[in-house]
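Consider the single chain below, provided in structure tokens and representing the form predicted alone.
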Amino acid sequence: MKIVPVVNINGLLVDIEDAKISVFDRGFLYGDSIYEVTRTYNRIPVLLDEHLDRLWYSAERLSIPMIHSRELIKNEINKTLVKLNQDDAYIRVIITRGEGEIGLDPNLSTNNNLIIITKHLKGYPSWWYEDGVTLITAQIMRNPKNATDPSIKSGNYLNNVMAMTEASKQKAFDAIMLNQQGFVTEGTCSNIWIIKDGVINTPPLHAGILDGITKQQLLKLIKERGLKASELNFTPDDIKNSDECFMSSSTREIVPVKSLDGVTIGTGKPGIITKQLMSLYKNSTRAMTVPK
């Protein structure tokens, strides 16, 4: 039996065919919105407080007034998940600036629209994790920080869509984007990591990236285990010459990378440290979501 997504719009649970907002909503008209995505295990959202912290950060950076409290949003997420009734679920929380007269002036908007989308999260293909995936270097550049700052998780995602379009045309799993200096920033929806001579490296925030929740959790786990890690700039050539490479995100967790632009990375298979981190992160998230 097909499991139908459950949508919550401003506190009202609606059937998917009735999940509508106004065409005058600024999220629709201008991408003037913010959002967060996480998942559940055992019906418990993973690192939800950290995601809400980033949601509030994004709102502050875009000067979007937040009319909903954290507690209300948590309650609405829980209500939506109860209706979905699945152990493993995808959760997307969207807040738009609101509706109003057409015009760029944000003061034309009314109250926020709060949209929560939940759906059953099936397991991802096993070959992603067992064999690794392929990447390309996108020609489209990552937005610079003094334009649309990548540290803000906004609904304006056209930059990432354009990069993913390049990857799709080349039949790659994903694309990495470079900044104006030619350094690697991130994938279209994942942070990127390399391992060389036992040292785990990922780009710093000032490279122009989203400060991933999974990234921060991984850095914490790496430190706790006494492994070597750094946040330093690197180039596509550094990826190609690395021993191991992987991507991280809240829903996909850790996905090994076997090649970039057709160049095999390491042995072309998930490496020892990558596998260790996959297990470490998996155990950590499952421990967080054990029902009390």
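The structure displayed is predicted, hence computed values, not measured ones. The first residue of the sequence shown is number 1, and the count goes up from there.
This protein has a second form, the form predicted together with a small molecule, left out of what is shown; the following refers to that one.
Enquirer: Since only the chain is shown here, I'm wondering whether Thr251 would be in contact with the small molecule in the model of the complex (any heavy atom pair within 4.5 Å).
Expert: Yes - in the model of the complex, heavy atoms of Thr251 and the small molecule come within 4.5 Å of each other.
Enquirer: Is Ile176 near the small molecule? Define near as a heavy atom within 4.5 Å, in the model of the complex.
Expert: So Ile176 does not count as contacting the small molecule.
Enquirer: Is there a heavy atom of Tyr157 lying 4.5 Å or less from a heavy atom of the small molecule in the model of the complex?
Expert: Tyr157: contacts the small molecule in the model of the complex.
Enquirer: Using 4.5 Å between non-hydrogen atoms, is Phe234 touching the small molecule in the model of the complex?
Expert: Heavy-atom contact with the small molecule at 4.5 Å: absent for Phe234.
Enquirer: Which pick from Ser109, Thr134, Thr188, Asn143 sits with a heavy atom within 4.5 Å of the small molecule in the model of the complex?
Expert: Flagged contact: Thr188.
Enquirer: Spot the stretch among 109-117, 161-169, 94-102, 208-216 with residues whose non-hydrogen atoms come within 4.5 Å of the small molecule in the model of the complex.
Expert: Residues of 208-216 come within 4.5 Å of the partner.
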